[in-house]
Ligand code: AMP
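Shown next as structure tokens: one chain only, the form predicted on its own.
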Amino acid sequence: MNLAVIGSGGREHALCYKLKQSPKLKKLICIPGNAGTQKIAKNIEEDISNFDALYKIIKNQNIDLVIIGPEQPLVDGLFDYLNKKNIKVFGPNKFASQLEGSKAFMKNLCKKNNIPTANFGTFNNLKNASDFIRKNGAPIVVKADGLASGKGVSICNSTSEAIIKAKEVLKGKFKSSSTVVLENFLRGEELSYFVIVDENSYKFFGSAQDHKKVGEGDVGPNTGGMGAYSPTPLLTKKLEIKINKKIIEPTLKAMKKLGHPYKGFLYAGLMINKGEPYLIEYNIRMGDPECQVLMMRLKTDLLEIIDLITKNKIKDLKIEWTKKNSITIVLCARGYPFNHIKNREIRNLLKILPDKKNQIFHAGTYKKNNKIYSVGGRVLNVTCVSKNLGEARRNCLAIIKKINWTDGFYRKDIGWRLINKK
């Protein structure tokens, strides 16, 4: 099969890495890709918001299947656009993409279908939002309704801070919307739970724990993700049954009832409190950086999985995983998640040889004159697999030390809660 992967981040590099291993693969292109995908796929530079231009590339390259990596083109309706032109696409349609594209849509779906989540309110004016904040008190969570690249969520420890953050959202700080969603703060441990879905059934697609805060010990502002590990021991068989029965299955049933059956990756961000799961958010694609650790643990042919999803035949496939632990540490450009430095050379990458246990997935990079430069805030994902998490992290840190990129920074404590327990 001829495949096109849409996107340029660490998630897309990890997907390309896994797809490349399939005996069914004939050709792999990545639009626009990065310096990492360039080694294993043909990069084609194009603005992924320009659907007409994407279609021309897909036709010219004789692509059989398109895999959309990031959330923005899915929310904007790329699936629907290509589907109308009889292009086979992996991912949800525009309506179903509201599960991530609109937090208000997701929360209202939870309310109507008794899916456990935090008490919430959705507001378009500051007075009503302020009344809700004062009534519920702090801590309280303030969210922009639309997409905000992982930066639209603030956990506020005072009502005054929450009112300021709500005002910022209502004044249009995030271009995606000027609606604010306010939620009661949930205590517990976070869990990333993945399923892969066709119109008839779904399959478990791994668990992970992400680290959103920029600073060690989980302090500072939220980011797109500073690192992750998989699997998480938080997920027991008993808890998994609860997640599926109380959250995943009612969601998929509700989407079918609305006339838009969900298809593709579905990622539930959960809070586990006293053995009970609560839905924090849905993502309509693989997580980033969770995708990186999951692709290192997946044993089953990813292309076969995705092909069966497009044919609604996933039910009979057994998806297998290595029992080993995987961890990824994100190497970021100085200044991230705010104004970060760009266009800085990363000199030592070519000296490090990846293998089945150790990979460097590129995110914000490009290649020019045989040199690799940074362009994004999250630049590289150093990802290792080992028999235990502590060893995997030590291996990641050793590779980062070899890269020795003085313009970058990273968290040394990814997986700290689990590793420190042992």
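In this text, residue numbers run from 1 along the sequence as written. Source: prediction; values computed, not measured.
FYI, the form predicted in complex with the ligand isn't displayed, but the following is about it.
For the options 214, 352, 234, 153, the one in contact with the ligand in the predicted complex, meaning a heavy atom within 4.5 Å, is 153. For the residues 271, 96, 248, 346, the 4.5 Å heavy atom test against the ligand in the predicted complex is passed only by 271. Partner contacts here mean any heavy atom within 4.5 Å of the ligand in the predicted complex, and among 74-82, 164-172, 297-305, 273-281 they occur only in 273-281. Although the partner is absent here, residue 145 lies well away from the ligand in the predicted complex, with no heavy atom inside 4.5 Å. In the predicted complex, residue 190 approaches the ligand with a heavy atom inside 4.5 Å.
A residue is said to contact a partner when one of its heavy atoms sits within 4.5 Å of a partner heavy atom; residue 204 fails this definition for the ligand in the predicted complex, lying far away. In the predicted complex, none of the heavy atoms of residue 105 sits within 4.5 Å of a heavy atom of the ligand. Shown here without the ligand, the chain has 183, 184 in 170-184 lying with a heavy atom within 4.5 Å of that partner in the predicted complex.
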